[in-house]
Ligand SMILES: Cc1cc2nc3c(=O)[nH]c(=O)nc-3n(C[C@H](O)[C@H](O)[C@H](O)COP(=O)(O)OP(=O)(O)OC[C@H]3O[C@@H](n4cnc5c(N)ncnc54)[C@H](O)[C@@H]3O)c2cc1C
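Next up is one chain by itself, shown in structure tokens, the form predicted on its own.
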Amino acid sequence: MSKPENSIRFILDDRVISLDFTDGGDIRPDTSLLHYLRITGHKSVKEGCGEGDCGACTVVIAKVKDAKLTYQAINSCLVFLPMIHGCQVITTENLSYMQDGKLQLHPVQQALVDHHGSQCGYCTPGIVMSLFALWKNHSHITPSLVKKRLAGNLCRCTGYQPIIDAIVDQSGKARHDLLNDSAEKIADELDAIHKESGDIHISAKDILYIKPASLRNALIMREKHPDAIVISGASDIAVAVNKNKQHINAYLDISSLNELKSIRSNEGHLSLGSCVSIEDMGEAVKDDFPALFEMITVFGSHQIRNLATAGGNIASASPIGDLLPVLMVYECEVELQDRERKRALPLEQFISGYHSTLMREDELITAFALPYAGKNVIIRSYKVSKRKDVDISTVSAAFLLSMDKDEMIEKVKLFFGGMAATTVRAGEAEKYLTGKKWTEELAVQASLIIRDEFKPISDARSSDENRKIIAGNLLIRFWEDTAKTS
């Protein structure tokens, strides 16, 4: 293992920035990108919520992929500074420029001006950056696509329609801007940073931050520092640090390990690396795992999906984790690895309790596997929350049903989130349904069993009784959906 570095490098304002966390300054390894940008003069980047809900802090990160730059909108409040090592950071300050004494706006900015797409202006820079990433990545822009991309940008003036009109008006137009002229140079500089980089090992301000350059080294560090918090997207941990002021002594950041970002279709199953982003996961599963894709579309926002990973969602073992019920119904297997060996566990078995798993202190989740469902299997997923986007589940569910030619139920699985300390199966209802004809009356009777089967808690999202009603009604909804397709 080569000598680790104690600094990071990234590109901002067309310059390579080197940050040494041991130089005695105020910047800490767990300083958010949002905070750093604001203290370095990038005042367009606003703090609205500090937890990835409002989008006021949205910036764009450029990375090298296949020798070209890719652009992703992210919440800068959820990103620790070492996570941007080897990236270009783009804010609204980088979009416009002066020419002959006149300010030249970026096409996205000019479109918003032309369509009167700004009111109070507080949220506008974040919206501009979400639209900029959309503009960079899509030549054909539809209103439905814009709405999906702006779900994570809240405008309290409710001025969405002119914003949507502005970017839709850019559909099909030429995609040239100031950043195009420097893209090749930026890509070369980022590539050089990666080639010159090894492990990053920062010990400063009572924080140990380790960012390995390989899976092998990550497993060595996992064994050496079993108490270090493992992060990849950090969309949960960053909230705990920035919003709840939690002090974490040690981090193991595996976000840059390309070995954990592979997507492979093998015989009988799809294998995804644990650091594949939720957004990329959605693209990979949308054809063969539609129920999972549907759940991903209401997972956080586009900015959060660009950061969050399925491995993190699994490892957190949250009883209201959006993906867990549907991953379980697809019979997901979790692949674990330490320095000496690999092993695999069914996800249903891997989660052992409230926010606890069977992962050992020296292991990392390296991948997970999804078997392809059979032709005669019906799978659906559902999420009930106070708002459709950027909200945690009140109750979530995923159901699997297999019937013979006479519509007699041969196999049924009913998984629920938000009904207990872990994701749980409605075992009594499954027993009641198996071997019977799938009818509305049967679904109604089984829904009553579900109501009595669980003892959920009451909290800010729902009362226990309401959760029971929702869970039962989701099974009736499932019958209605299957009746429509049969």
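This structure is a prediction, so every number in the text was calculated from the model and none was measured. We number the residues from 1 along the sequence you see.
Keep in mind that the form predicted together with the named molecule is missing from the display, and what follows is about it.
- Message: Within 4.5 Å, heavy atoms only: does residue 390 come near the named molecule in the model of the complex?
- Response: Residue-level check for residue 390: yes, a contact with the named molecule.
- Message: Is it the case that residue 418, even though its partner is missing from this view, gets within 4.5 Å of the named molecule in the model of the complex, heavy atoms only?
- Response: Result no; residue 418 lies far from the named molecule in the model of the complex.
- Applying a 4.5 Å heavy atom distance criterion, does residue 370 contact the named molecule in the model of the complex? It does not: once the named molecule is placed as it appears in the model of the complex, residue 370 has no heavy atom within 4.5 Å of it.
- Task: Check whether residue 129 has any heavy atom within 4.5 Å of a heavy atom of the named molecule in the model of the complex, and answer yes or no.
- Result: Residue 129 lies outside the contact set for the named molecule.
- Message: So, a 4.5 angstroms cut-off on heavy atom distances: do all three of 107, 167 and 183 pass it with respect to the named molecule in the model of the complex?
- Response: The answer is no; none of 107, 167 and 183 reaches the named molecule.
- Proximity to the named molecule in the model of the complex, single hit among 88, 235, 256, 92 (heavy atom within 4.5 Å): After the contact test, the surviving option is 235.
- Message: Quick check for you: of 223-231, 203-211, 183-191, 98-106, which stretch puts a non-hydrogen atom within 4.5 Å of the named molecule in the model of the complex?
- Response: Result for this chain: 223-231.
- Message: Heavy atom within 4.5 Å of the named molecule in the model of the complex: which residues of 29-55 meet that condition, in order?
- Response: Contacts from 29-55: 51, 52, 53.
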